[in-house]
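In structure tokens, one chain follows: the form predicted on its own.
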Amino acid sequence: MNTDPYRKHLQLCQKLGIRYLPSEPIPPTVSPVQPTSQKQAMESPSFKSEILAPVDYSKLKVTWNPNQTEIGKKLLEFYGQICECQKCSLGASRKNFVFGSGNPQTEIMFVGEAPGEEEDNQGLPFVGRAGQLLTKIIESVGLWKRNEVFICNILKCRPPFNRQPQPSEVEACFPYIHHQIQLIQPKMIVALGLTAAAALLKTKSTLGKLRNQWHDYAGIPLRVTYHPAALLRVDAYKKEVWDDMKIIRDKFMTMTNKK
């Protein structure tokens, strides 16, 4: 056996002043991080992200007054915790983290798929053509103005070229939408499109099977309808969404005793 490498190593140790070598490995000073399951993350009272620098709250895209309500304050705090998220590759390619917008004390939430190009540019959800159509859809039934509901997406970062979110991206981002729902506690959720519905309901069913019936998300009634972007491609979907919104309106009025 060639002992030259060992001799050279010992000579180097002598030059560095090292006289004794441990007979057993030195135990690590930091305990290894234990992986957290999605279920554990969702059940945690708060989600803490590894933020490398203090958050500049003035730069967050907030459409509500966080000093007005306790829920608004908690939403802003949560926004600050996750806005530098790098859990998946989308964190490196985004321009803006798109948290959500609207009224923190709303009784109804609209949940979409992911930010698009305009959303990525502005840091706000549904501000492009599909967003303008969503505003008309929300206000069509005469119960809400857009600023009276809360709008967000399953993903908080734009997938490149607006491609469909990958399962790993949905899994990484899902605890965020779950906690938003926990904080806001809406009386009703509207899932816009199959991706949002599949993520919230943990299902592989088709959009056709998920529509036209009520679902349950953590005790909250949930209805599935088409994503506004689909209406820009297929004009016939507009009537179906109008029918969905009338059903949503009627159930909401019954639940809240509104006339």
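Numbering starts at 1 and follows the sequence shown. Model, not experiment: these values are computed from the prediction.
Missing here is the form predicted in complex with a small molecule; even so, the following discussion is about that form.
Here the marked residues 102, 104 and 107 all miss the small molecule in the predicted bound form; none has a heavy atom within 4.5 angstroms. In plain terms, the part of the chain that comes close to the small molecule in the predicted bound form, with a heavy atom within 4.5 Å, is 118-126 out of 135-143, 178-186, 118-126, 67-75. Within 4.5 Å of some heavy atom of the small molecule in the predicted bound form lies at least one heavy atom of residue 227.
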